[in-house]
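In the block that follows, a single chain appears as C-alpha cells, in the form predicted on its own.
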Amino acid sequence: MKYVIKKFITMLITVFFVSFFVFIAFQIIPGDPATAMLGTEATPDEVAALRVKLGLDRPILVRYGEWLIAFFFGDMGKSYSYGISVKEMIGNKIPITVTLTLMSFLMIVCVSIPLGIYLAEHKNSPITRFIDGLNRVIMAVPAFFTGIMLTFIFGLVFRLFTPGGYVSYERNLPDFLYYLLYPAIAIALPKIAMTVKLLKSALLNEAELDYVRTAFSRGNTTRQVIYKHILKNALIPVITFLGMTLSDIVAGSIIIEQVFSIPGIGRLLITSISNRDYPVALSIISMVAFIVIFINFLVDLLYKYIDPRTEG
C-alpha cells in the first residue's frame, strides 16, 4: 500500500508541475491572445479592454490557481477564439485520438508477441535474420516519415485511400476506421520492431537459465518449454515496455494527426497554439500529460504485482 500511495503522490506532483510550467510558458512566449483575437489594427485601448475582459491583467499565479481549481472540478474554461466550452471542443476530438491510439496499440500487441516468439523459436533461420535486419531499419525511421511514405505509396500511388479525405465516425464508422488504419500502422511499426527485438532477446536469455535445461530434461518439447516455462518470465520486461509504449502512442498520435490531416486532439492543439488560444492548449497538454503519467503509474503497479521484488 505504501508503494501505491508513493507512486500516486508522485503522479499528482508531476502533473501539477507540468501544468504549472506550461501555464507559465504560455505567458512569456511572444504573442498576445487579445491582439490575436482583435487583429493588428486594433487600438491599444481595445486590446487593453479585451485583456481585462479575459482576465489577462491579473497576476499569473492568481490566474493559474483559479485555472487549476476549475480544471480539477472539470471546468476547462472557454476558448478565446470560439467563445465556447473547452471541454466541449476537446470532447468532440477525444473519440478520434482514442480510436487511433487503441488501433495502434492492438496492432503492436497482436503482431509483436507472436512474431517475437516465432523468431526466438527459429533463431538461426534465414527468415529470422531477414526480419532482424528489417527491424533495425524500421526502428531507425521516425513515425511521421513512415506516415508520409504510407500516404505516398498507398494514397497517391495505389489510391487505396484519399490523402486528407478524413471521414467522421458519426458519418460512416467503417470508412472512419479504414482511414485511421494507415496512421495507426505508421505509429505501430517502430514499436512493433522494438517489442519484437525485446521479446526475442528476453526469451533467448531465459532459455540459457538452469530451470529451462531442467524442463528439457523432463522430456518437454521446445514449444512446451517456451509457453509453459519461459514466456511468463520473458513477458515481464515486455509488459513494462508495452505500458510505456501506450503512453508514447498517446503523444505520437498528435504528430501523426498532422501528417494525415486527422481532426483529433493533435490538430486542435496545434491550431490553438497558433491562435494563442491558451485555455484550449493548456487543457489539452495537461490532459495528455495526465493520461501519459497515469498510464506509467498503472504500469508501475502492474510491474510490482508481477515482480514483488520491485523496490518501493
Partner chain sequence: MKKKFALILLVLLTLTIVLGACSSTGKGDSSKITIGIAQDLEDSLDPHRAVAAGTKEVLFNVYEGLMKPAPDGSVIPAVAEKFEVSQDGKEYTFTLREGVKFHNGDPVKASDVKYSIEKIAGMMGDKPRISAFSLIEAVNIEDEKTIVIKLSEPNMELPYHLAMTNAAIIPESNKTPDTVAIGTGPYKFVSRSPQENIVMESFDDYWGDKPFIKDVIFKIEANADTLVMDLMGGSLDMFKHMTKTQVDQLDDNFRIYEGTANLVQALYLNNKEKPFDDIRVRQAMCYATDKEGVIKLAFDGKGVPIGSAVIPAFKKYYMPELNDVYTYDVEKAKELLKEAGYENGFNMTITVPSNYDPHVKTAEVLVEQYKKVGINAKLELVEWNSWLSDVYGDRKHQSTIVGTDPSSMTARAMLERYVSDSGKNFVNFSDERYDEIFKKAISTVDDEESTICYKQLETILTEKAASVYIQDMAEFVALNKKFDGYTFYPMYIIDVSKIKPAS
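Positions refer to the first chain, counted from 1. The shown structure was predicted, so the numbers you read here are calculated from the model rather than taken from an experiment. So that the term is clear: the rigid core is the largest set of C-alpha atoms that superpose within 1.5 Å between two forms.
Another form, the form predicted in complex with its partner chain, is not on view; read the next lines as being about it.
Comment: 170-178 is the region of 170-178, 133-141, 192-200, 205-213 lying near its partner chain in the predicted bound form, near meaning a non-hydrogen atom within 4.5 Å. Contact check for 31, 223 and 271: all three have a heavy atom within 4.5 Å of its partner chain in the predicted bound form. Contact between residue 39 and its partner chain in the predicted bound form is found at the 4.5 Å heavy atom cutoff. Under a 4.5 angstroms non-hydrogen atom cutoff, its partner chain in the predicted bound form lacks residue 27 among its neighbouring residues. At a distance threshold of 4.5 angstroms between non-hydrogen atoms, residue 243 is out of contact with its partner chain in the predicted bound form. By the criterion of a heavy atom within 4.5 Å, residue 247 is excluded from the residues contacting its partner chain in the predicted bound form. Taking its partner chain as positioned in the predicted bound form, none of the residues of 190-219 brings a heavy atom within 4.5 Å of it. Positional change of residue 261 between the shown form and the other one stays under 2 Å at the C-alpha, relative to the superposed core. Residue 247 shows a C-alpha shift below 2 Å between the shown form and the other one [criterion: core-superposed Cα displacement of 2 Å].
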